[in-house]
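One chain comes next, on its own, written as structure tokens: the form predicted alone.
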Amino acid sequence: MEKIPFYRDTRYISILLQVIFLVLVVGALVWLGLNMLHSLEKQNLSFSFSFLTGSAGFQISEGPLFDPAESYLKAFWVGIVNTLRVGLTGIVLATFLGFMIGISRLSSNWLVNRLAFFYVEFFRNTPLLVQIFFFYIAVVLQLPAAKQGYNIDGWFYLSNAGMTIPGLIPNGNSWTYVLLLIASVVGSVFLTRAIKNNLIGFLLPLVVAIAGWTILKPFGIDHPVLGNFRVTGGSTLSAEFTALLVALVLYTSAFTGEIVRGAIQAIDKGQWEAARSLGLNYGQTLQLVIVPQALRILIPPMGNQYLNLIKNSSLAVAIAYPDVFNVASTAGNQSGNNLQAMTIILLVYLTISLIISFLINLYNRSFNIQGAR
């Protein structure tokens, strides 16, 4: 058999093309980096992060306690916490609301079906930034003052200053309770794989959470109290946080609702017929037969929506909510280190997105393994 010259061998050609492409990409990055450093040098600037240890000199109105005398690094940390507060809360609420909307879109009740359809079309087809401004200016800021606001005495207050709910006061058992919850979640994953029962895997952390709360009493409850001019105590969610969260949840749930609807409709009609032949009603069929199978279809696109929600939260700067983008922009402008501040923003959002992607892929893989078995 005649030996093929290496320059005609597709294996060598494929490797050579990849090496050439990699060299070009690395070369372009090095050129851009050197060009950036040269431009900074001409302006007597350097690409250094030493400014992070300096005093921030500005206030942050929300999140963990922050003193202007503290460092820029602490300010960035407060911004990251605020981003995670609105982002993770939004993910949970958008998931639940999205499931409700998706199921409602399939309802045989004409009114429920049409309302869900209008909801999806309205929120999905209007810009998120416009929705944020609307809920902030036309809704939240138009609410009455605290004295005349809406309330459930001792539990919930809603006014133009934001929303106040009961706060948690940690004690000596708090960390024990948190570690117990983490252990129960990890244990439920292995238990679900071992006995192949998603319901038991879901109930284990719930039972541990309730039992641990009853026995350990890990947190005290700080109830909000209406004073002469404002609400004291509890945990206050500012007007900016409230408007941003509502807009993110409503906007994202319109997309997740369509994902849920599509995933349910992708399940073979024979599954519905088989469930009805066993005497299951509509709710039982969804809970026990359809949704567990639909999860394998909807988890990847739902993960994309979670990533979008986290990145969309950067629009908080429009209404002055102090997320990491807002804090980094202020720090960069004040210290003259805008490039470094933007680099930190990129790294923060990249890290959060990669962690969410990893968890979604891990969860999706567990479903695929169970399906293969």
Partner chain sequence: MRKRTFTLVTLSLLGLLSSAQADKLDTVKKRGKLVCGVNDKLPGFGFLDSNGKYSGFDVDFCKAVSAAVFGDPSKVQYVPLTAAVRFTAAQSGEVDVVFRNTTYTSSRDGEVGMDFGPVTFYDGQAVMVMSKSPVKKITDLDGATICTNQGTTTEQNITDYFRLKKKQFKLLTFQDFDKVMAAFDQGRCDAVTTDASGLASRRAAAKDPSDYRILPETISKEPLTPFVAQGDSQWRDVISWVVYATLNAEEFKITQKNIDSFKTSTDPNIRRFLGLENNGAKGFGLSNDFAVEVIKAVGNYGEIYERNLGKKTKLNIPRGLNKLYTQGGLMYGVPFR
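Positions refer to the first chain, counted from 1. Only the largest set of C-alpha atoms that superpose within 1.5 Å between the two forms is called the rigid core. Bear in mind the structure is a predicted one, so any value in this text is a computation, not a measurement.
The following text describes the form predicted together with its partner chain, which does not appear among the structures shown.
By the 4.5 Å heavy atom rule, the three marked residues F49, W110 and Q265 all fail to count as contacting its partner chain in the predicted bound form.
Proximity to its partner chain in the predicted bound form, defined as a heavy atom within 4.5 Å, singles out one entry of F133, F96, F219, W155, which is F133.
The stretch among 290 to 298, 138 to 146, 117 to 125, 166 to 174 whose residues place heavy atoms within 4.5 Å of its partner chain in the predicted bound form is 138 to 146. At a distance threshold of 4.5 angstroms between non-hydrogen atoms, A341 is out of contact with its partner chain in the predicted bound form. Interface residue remark: Q334 is counted as part of the site for its partner chain in the predicted bound form, having a heavy atom within 4.5 Å. Its partner chain is not drawn, but in the predicted bound form it has a heavy atom within 4.5 Å of L34.
Among residues of the shown chain, L346 is not one whose heavy atoms approach its partner chain to within 4.5 Å in the predicted bound form. Contacts between 65 to 97 and its partner chain, taken as any heavy atom within 4.5 Å in the predicted bound form, involve P68, A69, Y72.
Superposed on the core, the two forms differ at N228: its CA moves 2 Å or more between the shown form and the other one.
Positional change of L298 between the shown form and the other one stays under 2 Å at the C-alpha, relative to the superposed core. Relative to the shown form, the Cα atoms of L93 and L226 move apart by 3 Å or more in the predicted bound form.
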